[in-house]
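This document opens with one chain alone, in structure tokens, the form predicted on its own.
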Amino acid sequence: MTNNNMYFVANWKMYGNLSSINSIKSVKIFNQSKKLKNIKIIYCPPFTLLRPLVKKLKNSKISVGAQNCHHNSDFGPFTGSVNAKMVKSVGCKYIILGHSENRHNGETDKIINLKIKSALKENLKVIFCIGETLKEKRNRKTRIILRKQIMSGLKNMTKLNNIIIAYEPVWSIGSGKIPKSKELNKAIEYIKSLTIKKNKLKNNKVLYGGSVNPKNIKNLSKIGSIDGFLIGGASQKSKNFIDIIKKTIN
């Protein structure tokens, strides 16, 4: 795999407190290597850590992103919610939207579409998650589901320059199981073919996410169509996160 413009996104999910961000110091130092000049590292912690992490990573090449946002672009009576405008105001450059864990809790394609539009309005770069369940995979509906999620999520959008797609098979997340290389490559290529038609660009980025760890990254990194990785639990420990990056680019 080429290391040109590779993305490594750390999705901390519901993990971490103020002391947790101190562990990122080793990643910050590691990222200063000239070997990593084409590598993009993005940390997506909980809302409570966004501003402290932005400050911690000031003057570094590492970016910060949120894990979600409310679909309403303006301020309003939505107790406990945070919108894209607020995410942008604390210094974030990226945002994860459409994650299967949120879809499982009732987030629809229509809501995701509104969220993406609100994020783009604030000039945030969107990491748009898609993926099929185990039942859908067994029924050979992977392509149908991916197409539906892409077309619905990106409805009425023609310019996808600020959208990175993350293919995360639902059955793989947290299970320790990953797709077979041939299947994964076909899925990534299919996603790229759909986005190229919509965007009329040939360089749409597609990441892979789902049980990525230091043990399986070597095999995953051999799949040339993958442009990076969305990493969950393994990104919470800096040593594991660094190992994943090293094994990908070497």
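Just so we're clear, the structure is a prediction, and the values are computed from it rather than from any experiment. A residue's number is simply how far along the shown sequence it sits, counting from 1.
There is another form of the same protein, the form predicted in complex with a small molecule; it is not shown, and what comes next is about it.
The closest heavy atom approach of Ser211 to the small molecule in the predicted complex falls within 4.5 Å.
The closest non-hydrogen atom of Leu124 lies beyond 4.5 Å of the small molecule in the predicted complex. Under a 4.5 angstroms non-hydrogen atom cutoff, the small molecule in the predicted complex has Glu168 among its neighbouring residues. In the predicted complex, the small molecule lies farther than 4.5 Å from every heavy atom of Leu146. Heavy atoms within 4.5 Å of the small molecule in the predicted complex are found in one stretch of 114 to 122, 148 to 156, 172 to 180, 68 to 76, which is 172 to 180.
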